[in-house]
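Only one chain is shown below, in structure tokens, and it's the form predicted on its own.
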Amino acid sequence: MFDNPKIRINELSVGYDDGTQALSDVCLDIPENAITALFGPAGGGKSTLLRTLNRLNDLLDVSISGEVMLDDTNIFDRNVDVISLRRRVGIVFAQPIPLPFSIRKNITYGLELAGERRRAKLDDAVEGSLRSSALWDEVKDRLDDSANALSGGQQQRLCIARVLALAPEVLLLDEPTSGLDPISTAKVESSLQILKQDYTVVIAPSSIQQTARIADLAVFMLQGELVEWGSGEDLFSAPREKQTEEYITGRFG
């Protein structure tokens, strides 16, 4: 159905120290330059899977087995530099948290920490990332204003731009529109359609309806297991599994 997987997940299991099995033998190919949407009830393992893809779960007491191949590299290999991995695989969370700086400084801060000092390079990153997140036209005349003065939807797109400035290959989003109004949600969704042209996007959407709107590849997860996957159009029009059908028609969950 899709060519050129960017990420290949093989028999991935993740367990927490309290005995919770968050993921069980997940196998999935995540296509390049497409939107892969993980959906299902709370506790299904969506956030755990996202956090595993850039090894944020390393910060917790978890046990992990299986492999996650990013291109030709298993991200769990001992010689993988985790900081470099997290630049390649950026993540945006549900609650937008701008840094307490200007809009411009929010974009340049990570680059400056990485040693970038060239003004032209920083300016290009500001404009490019804000354009990619569909925010440039709204803020281009007030880049030195506080980021906290932006609306919730603008702050979320700023957080996306902040990740994009570091030139990732993969963009992970965990319910990025959960607190946004319909207009702001539509703007974020529109920006994702643009972003997938240059990035691999993996998202845990805020609703089933959002999954149906944006998913190139839809993945239904339940209690840590991957139940079914398929193109967004096929899965929502003709699900193969009874559990998937019952969930998307509102009969459970």
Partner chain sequence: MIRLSRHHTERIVFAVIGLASVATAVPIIIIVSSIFFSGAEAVSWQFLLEMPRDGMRSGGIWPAIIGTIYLVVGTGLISIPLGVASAIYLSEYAADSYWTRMIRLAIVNLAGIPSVVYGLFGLGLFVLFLDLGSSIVAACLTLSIMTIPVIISTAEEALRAVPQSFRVVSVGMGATRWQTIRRVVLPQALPGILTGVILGLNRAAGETAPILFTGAAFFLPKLPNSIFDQTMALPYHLFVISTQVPEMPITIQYGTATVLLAFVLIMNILAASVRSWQRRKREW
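Residue numbers count along the first chain shown, from 1. It should be emphasised that the depicted structure is a prediction, and the values quoted were computed from it without experimental measurement.
FYI, the form predicted together with its partner chain isn't displayed, but the following is about it.
Enquirer: Is the gap between Phe93 and its partner chain in the model of the complex 4.5 Å or less for some heavy atom pair?
Expert: Contact with its partner chain, yes.
Enquirer: Give a yes/no on whether Asp124 approaches its partner chain to within 4.5 Å in the model of the complex, heavy atoms considered.
Expert: Contact check for Asp124: no, nothing within 4.5 Å of its partner chain in the model of the complex.
Enquirer: Is Ser178 near its partner chain? Define near as a heavy atom within 4.5 Å, in the model of the complex.
Expert: Output for Ser178 is no: heavy atoms all beyond 4.5 Å of its partner chain.
Enquirer: Would you check, heavy atoms only and a 4.5 Å threshold, whether Asn54 touches its partner chain in the model of the complex?
Expert: Yes, Asn54 sits close enough to its partner chain in the model of the complex that at least one of its heavy atoms falls within 4.5 Å.
Enquirer: Based on heavy atom distances of 4.5 Å or less, which listed stretch (131-139, 169-177, 68-76, 93-101) is in contact with its partner chain in the model of the complex?
Expert: Flagged stretch: 93-101.
Enquirer: Using the arrangement in the model of the complex, list in sequence order the residues of 99-129 with any heavy atom within 4.5 angstroms of its partner chain.
Expert: Residues within 4.5 Å: Leu99, Pro100, Phe101, Asn106, Tyr109, Gly110, Glu112, Leu113.
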